[in-house]
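Shown below, as structure tokens, is a lone chain in the form predicted on its own; questions about how it binds or moves come after it.
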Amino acid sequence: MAENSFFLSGDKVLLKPFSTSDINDDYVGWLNDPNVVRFSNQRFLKHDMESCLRYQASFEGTDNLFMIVRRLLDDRPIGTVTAYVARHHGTVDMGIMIGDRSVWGMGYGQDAWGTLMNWFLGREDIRKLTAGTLACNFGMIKLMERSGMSLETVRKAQEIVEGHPEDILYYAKFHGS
């Protein structure tokens, strides 16, 4: 799936397959920035070039997507999106990280999310798209709800964030909805 010519364009962003050339000090810095990974289990890991290369390689030969999010304005990389595809079930579980904090709140994440979500839900072989987040991640909750996703289930007090138990909220959107 992740061939070099494949890309998706939104109103503000361009999504392209993540490549080894995207692994640089800025990208590794996003993963090690406590503010960027505050609500992700990545906060428990220390990343370096090698760990990033291993993660990128884990997508090779799979139906899953790992894409770099670039601003259309200047082609600057600002984040990543992932999609884990269960082809036999017709489902996709998505994730997003906008690592460049200077663009937070400007709609780039919403555009990246909507672009990839709509592409998947426009395919006949995908019947359902899912995503999850912590109940304290208000930005992600707004992003999913603005995208037309509905709360599907809650895992009560599932993870500890900054010393407090937090629920995990799972959202979904079906093909044609």
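From a predicted model like this one, the values you see are computed outputs, not experimental measurements. Numbering starts at 1 and runs along the sequence shown.
Beyond the structure shown, there is the form predicted together with a small molecule, which is absent from this document and is the topic of what follows.
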query	finding
The small molecule contact in the model of the complex: Val85, any heavy atom under 4.5 Å	no
In the model of the complex, Phe66 touching the small molecule (heavy atom, 4.5 Å)	no
Leu116: touches the small molecule in the model of the complex, heavy atom cutoff 4.5 angstroms	no
Contact label in the model of the complex: Gly148 to the small molecule, heavy atom within 4.5 Å	no
Stretch in contact in the model of the complex with the small molecule, which is absent here, among 120-128, 42-50, 136-144, 57-65 (heavy atoms within 4.5 Å)	136-144
